[in-house]
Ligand SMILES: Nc1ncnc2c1ncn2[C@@H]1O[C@H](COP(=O)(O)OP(=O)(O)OP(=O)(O)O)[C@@H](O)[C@H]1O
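Encoded as C-alpha cells, the following chain is the form predicted alone, with no partner shown.
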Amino acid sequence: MPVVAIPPGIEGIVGITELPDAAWVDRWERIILPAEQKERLLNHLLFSLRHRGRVSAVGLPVHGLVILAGPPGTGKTTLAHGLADQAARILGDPSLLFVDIDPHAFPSQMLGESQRSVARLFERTIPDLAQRGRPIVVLLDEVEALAVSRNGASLETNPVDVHRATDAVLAGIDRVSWAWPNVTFVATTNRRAGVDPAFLSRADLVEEIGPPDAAAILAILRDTLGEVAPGAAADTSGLTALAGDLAAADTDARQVRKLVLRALCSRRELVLEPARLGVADLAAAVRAGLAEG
C-alpha cells in the first residue's frame, strides 16, 4: 500500500495513503448498499473534486463535505475508504491523497488546547498537503467527537472548550472549502444528534447508512461464505430464511459477517476444513447469536 510519511508533530492525522490502491477495491465493491446510493455518493465526491473550484460559491454553494450517518457496524468507515479509492480510479492522474483524521487524537485536557490543535489542522496541515495540487479526500471519522453539538454539551465535559473546538472546526471547514477546492471532506457519525447542526448544515450530502434489509443480508452472507465455503454460499433457500431472521432482529452488516466466523469456529473440523461449513452450522450460530442479543 503506498503510504505517505506523516510529518513529525502533526496531531490528529493517523494515515496518509495514495490512491488508487488494489488493496482498497474490496472496500467499495463488498460494502452492500443500494446501487443508487453508491452512485449518488460517488457522483457528489467526483463533482466536488473536479468542479468545485469552477463554480460560484454563492451561485452553487458546494462546501466539499459529505456525511455518512448511521449506527455502528454499517460499514461507514470502510465505505469512505472505498469511495475515495473509486473516485481516484475515475479521476486518474495525479493520484489522490487520502488523509485519515482521528478526532480522538486531539488533546482536551487543557482549556483551549483542542481549539488550537483543530485550528492548526485546518489552517496549516491540510493546506500544506493541498498545496501539492493533488485531489485530497480527508476522512473525519466519528465526527461527533470533533464537531460536538454545542446545544447538547454537558457542563461536565468543559463546554467552553467544546464550543471553541467546534467553532474552530466550522471555521476550518469554511476556510479549506473556499481556498482549496481540491480538498473534499468525508465525515462519519454514529450519532447524528451529537453533531453540531451548523456542521450538518454545511454538508453537500448527508447519507443515512442503516442496517441492511433481508436482500442485503442475503448478499452479505453469500459474499462472506464465498471466502471459505462456496457450497454454503450457493444454498439460496436456506440462506434466504436466515437473512429474514437477521433482518427482523436489526442485525448490522458487521454482525452478519461475524456470525459466519462464529459458525466456522463452532467445531474444530470446520476450523481445519472451512469448506465443510454448511447452512445448518450457520443457522445454529444465528440462533445462538440472536439468543444472546
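Given the structure is predicted, the values throughout are model-derived calculations rather than measurements. Numbers follow the displayed sequence, beginning with 1.
Keep in mind that the form predicted in complex with the named molecule is missing from the display, and what follows is about it.
With the partner removed from view, the residue among Thr78, Ser117, Ser95, Ser149 that has a non-hydrogen atom within 4.5 Å of the named molecule in the predicted bound form turns out to be Thr78. Residue in contact with the named molecule in the predicted bound form (any heavy atom within 4.5 Å), chosen from Pro127, Gly194, Pro71, Gly172: Pro71. Taking non-hydrogen atoms only, Ala241 never approaches the named molecule to within 4.5 angstroms in the predicted bound form.
The named molecule in the predicted bound form is not approached by Ala84, whose heavy atoms all lie more than 4.5 angstroms from it.
Although the partner is absent here, Leu259 sits far enough away that none of its heavy atoms falls within 4.5 Å of the named molecule in the predicted bound form. In the predicted bound form, the named molecule stays beyond 4.5 Å of every heavy atom belonging to Val228. Proximity of Asn190, Ile220 and Arg254 to the named molecule in the predicted bound form is complete: all three residues have a non-hydrogen atom within 4.5 angstroms. Note that among 41-49, 25-33, 230-238, 55-63, the stretch whose heavy atoms approach the named molecule to within 4.5 Å in the predicted bound form is 25-33.
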